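Below, in structure tokens: the form predicted alone, a single chain.
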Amino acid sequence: MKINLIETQPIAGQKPGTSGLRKKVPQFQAPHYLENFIQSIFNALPERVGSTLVLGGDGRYFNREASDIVIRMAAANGFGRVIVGQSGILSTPAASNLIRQRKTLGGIILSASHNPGGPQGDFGIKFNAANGGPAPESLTDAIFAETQKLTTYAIADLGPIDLDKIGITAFEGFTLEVTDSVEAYQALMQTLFDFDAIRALFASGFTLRFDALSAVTGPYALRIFEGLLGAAPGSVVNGVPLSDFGGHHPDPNPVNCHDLYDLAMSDAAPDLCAASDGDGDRNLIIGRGLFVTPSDSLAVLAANARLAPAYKGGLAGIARSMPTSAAADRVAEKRGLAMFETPTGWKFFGNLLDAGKVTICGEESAGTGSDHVREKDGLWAVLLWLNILAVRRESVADIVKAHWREFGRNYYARHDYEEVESAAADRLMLGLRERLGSLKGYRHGPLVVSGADDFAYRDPIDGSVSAHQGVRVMFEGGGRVVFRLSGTGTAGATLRVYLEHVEAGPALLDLDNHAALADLAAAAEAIAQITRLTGRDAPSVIT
């Protein structure tokens, strides 16, 4: 095996964010850009020699070319084996499962998750550690440090690589294993859920529409829902992964999945409408006539998880990201479970899961999962909903409304201001932080501020501290507004404003969500001066 050492120099801006490095495709295609970042990952892994690496991606534009480069560089950098999904495709939770199942050093996932694809779209790379979860900050900091001093990268001549043929190819000192992308993940799901009960549900006439958005979960959904569980042919739509996601924006929310949402609200609605995102770690749940917010979905799943075989013994605890509504908190309180509030980013759940402190985790951005892997998992969430529906034999709407009657309702929305000029977004957040000490007692309309802070998290397992995770403004009566900048965009800044209003009275459980949050939205504008500072008089997206 011939190894080539290529001279290079540091490239600015290769600092991994919450979910790795995300940039536009042309930037990754620029000379040395991808190779520099991959070499920096490998340099930060001194134990790599002779070890095994999992590799997969969501099939977006540049996925196959990047897979080829990563394999050749892994061989040149001393890895003993690379396990890659067929055609370079693995969903993020499937990759996490393979890392854990095969006890590998970790894995490289080629994805920009829910961001658009195509030649001018987004691309991304992240490293997942040996526990199957996103790399901790200590490792991403080490990777970034390597990007700033890199002078060479190593790449091997391996001849043509066939990613479409399942099997093992041996090279000198290196082995490439192309594996079925679905098989191991499907087997895992069969250990978690009562497939017989779900099959009986479909046999009874239950109907499903699952939109894979021409992204990675299509093959998984077709094989599991239509193949194993007996959902009617055609239940899965847009099931073939396409490099540009067929023009879809693969972010599973009612705005980007408006056709699915409209179907769910129509007289022809299936019993359950669902979707997943670009790399398969997010989910959308809509019953007939009712969109289930991700925060409510987390709470309902936690309250009913015992109906699935894997969780019949109960939960160790629940964790949610700070911007996620507190609906799950009341489930934990009533059931006597531990409850943890973390910063945004699945890596913050990893220590809690590894330590056995929690079983189910969730984020308001449509990610839910459990201790079966160390990533959020879109199909897992749909399967748990199906298992609950198979046991309870009630509609999605009836289950959610019964949950509200028992635990109260958290009216909730997220307002995204996308591609805001970065300096303006920074000024807005700085202004909020400077006012934290003076906001208590501030009145806007019927709302009075009871307190405000800049959320910081001390990890209860390793003691690490993550500060400046978002500004929280709490109001008398339990409502709140959260302001934070997202780390998942590739242009400008995304300002996210989260609104939450709590009601427990039976007569107040069926309010219009927009109307219930109107006073909070007005207070958020008045406190943060969003229009004045950003020039935006309305959010880009409301979910």
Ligand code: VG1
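Residue numbers run from 1 along the displayed sequence. All values reported here derive from a predicted model rather than from experimental measurement.
Form predicted together with this ligand: not shown, discussed below.
- Between this ligand and the residues 385, 193, 346, 340, the one pair within 4.5 Å by heavy atoms in the model of the complex involves 346.
- Scanning 513, 51, 43, 486 against this ligand in the model of the complex with a 4.5 Å heavy atom cut-off leaves one residue, 486.
- Only one of 472-480, 492-500, 62-70, 513-521 places residue heavy atoms within 4.5 angstroms of this ligand in the model of the complex, namely 492-500.
- The closest non-hydrogen atom of residue 296 lies beyond 4.5 Å of this ligand in the model of the complex.
- In the model of the complex, this ligand sits within 4.5 Å of a heavy atom belonging to residue 126.
- Residue contact check for residue 376: one or more of its heavy atoms lie within 4.5 Å of this ligand in the model of the complex.
- Remark: residue 365 counts among the residues lining this ligand in the model of the complex, judged by a heavy atom distance of 4.5 Å or less.
- For the partner-free chain shown, just 414 of 398-416 comes within 4.5 angstroms of this ligand in the model of the complex, judged by any non-hydrogen atom.
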